[in-house]
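A single chain, nothing else alongside it, follows as C-alpha cells in the form predicted on its own.
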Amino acid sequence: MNAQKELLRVEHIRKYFAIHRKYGNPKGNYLRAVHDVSFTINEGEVLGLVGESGCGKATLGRTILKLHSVTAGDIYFKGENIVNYGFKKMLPIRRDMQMIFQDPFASLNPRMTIEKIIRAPLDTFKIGEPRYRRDHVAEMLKKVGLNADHMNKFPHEMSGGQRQRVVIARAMISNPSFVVCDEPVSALDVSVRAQVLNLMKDMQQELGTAYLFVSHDLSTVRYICNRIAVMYLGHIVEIADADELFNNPKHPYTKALLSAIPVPDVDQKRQRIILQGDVPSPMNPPAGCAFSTRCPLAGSKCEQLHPDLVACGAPGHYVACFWPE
C-alpha cells in the first residue's frame, strides 16, 4: 500500500447555504456549513473527520464529491482541479470517487433488487462485459459476507447490517481510489459494528482505497484511521496522526472531546472537561476564533482574530489555536 503519493488536496473550501428571509432570517444571511477548510489525503490513507453533530462533517464530505456545489475553494483529485466540473466531466471521475451513506435503508432503491443495486456502477461506467457483471456482483457479495442468495432480494427483506454491507459493496465494486464514509456504522447495532468496521478495514487494505471517515465516535475513528482531523463550526481546529492526537491533544476542543470517551475500567479516573455555553449559530458565527465563546482560555485576541492551522509538536501535527500549550 502506497501512502506517500498525494491523492486528494482540498484548499480553502467553503460551503454556504442561502437562508430564505421568511425562515427567521430577515437579513438574508448565509449558513456557513464549511468555512476555509484545507487538508490532503494520500493514496491508501484513512483520514478521520470528527466533531459534534452539525459541525459540517457530512457537508464537507458531500462537497468534496460535488454532491453539493462549492461556494469557494479548490478540490484537486489526482492533480486535477475538479471544482468547476459539470455533470458530464464528473461522470468518469465518479467511478474513482464513491460514498458510503449513513442510512443504509434510505440510500437503497426499494424497487430494485440487491443485484441491480450493486450492479449499477458496473452498468453506468461500463465495467466488464455485460454477461459477466452478475458474476462480479456475486463475488463482491461474498467479499462483504453475503452470498448469491441475496441477489434477488429487496432492501426491506434484509437486516440493517446486511443493508449496510450492500451499500459498501456498491461503493467498492467499481474499485474506487477514494471513498467518503459518512458515519457508516452509526445506524447499526453494537454487535454488528465491529463486523462492518473490520470488513471496511480489510477491503481498504486489499484494494488500497483511501477513506475520508466521517464520525462522531472517537474510539471507532482511532481504530480505523491513520490521521484524524477535528472539526468545529465548519473549521478544522486540529489535525494529526491518530496516536499523536489521542496522546498529545493541543486544542482545548479536542481535549474536551477526548475527555468524553467512556472508560471501560470503573476504577480508572479521568478528568471530564465540561464545556460551557452552546455552539454558536453557523448563520452568525463569532468574529474571531470559532471556539472562543466556549473556550476557557479565550482572550480578547481570540474574540477578534481567527487562528490559522500551524505546526505544533510532532511532525504532521497542526492546530488552530493561539495558546496550543
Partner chain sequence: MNKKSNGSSGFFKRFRRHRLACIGLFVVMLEVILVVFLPMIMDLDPYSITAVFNGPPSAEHILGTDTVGRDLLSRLIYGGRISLLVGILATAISVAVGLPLGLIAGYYRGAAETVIMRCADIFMSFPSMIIVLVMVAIFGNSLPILILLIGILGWPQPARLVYSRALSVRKMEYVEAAKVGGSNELTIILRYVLPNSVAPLWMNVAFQISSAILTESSLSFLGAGVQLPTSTWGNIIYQAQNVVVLYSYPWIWVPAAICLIITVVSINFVGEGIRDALDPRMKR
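Just so it is clear, the model here is predicted, and its values are computed rather than measured. Residue numbers count along the first chain shown, from 1.
Separately, the form predicted in complex with its partner chain exists; it is not shown, and the next lines address it.
Checked against its partner chain in the model of the complex, the candidates Phe246, Phe125, Tyr223, Tyr85 yield a single residue with a heavy atom inside 4.5 Å, and that residue is Phe125. Between its partner chain and the residues His235, Arg170, Arg227, Lys250, the one pair within 4.5 Å by heavy atoms in the model of the complex involves Arg170. Just one listed stretch, out of 190-198, 150-158, 215-223, 136-144, contacts its partner chain in the model of the complex at the 4.5 Å heavy atom level, and that stretch is 150-158. Its partner chain in the model of the complex comes within 4.5 Å of a heavy atom belonging to Ala106. Using a 4.5 angstroms threshold between heavy atoms, Gln102 counts as touching its partner chain in the model of the complex. Of the heavy atoms in Val185, none are within 4.5 Å of its partner chain in the model of the complex. Although the partner is absent from this view, Thr113 contacts its partner chain in the model of the complex, with a non-hydrogen atom inside 4.5 angstroms. In the model of the complex, its partner chain lies within 4.5 angstroms of at least one heavy atom of each of the following residues of 61-100: Arg62, Leu65, Leu67, Phe87, Leu91, Arg94, Met97, Gln98, Met99, in sequence order.
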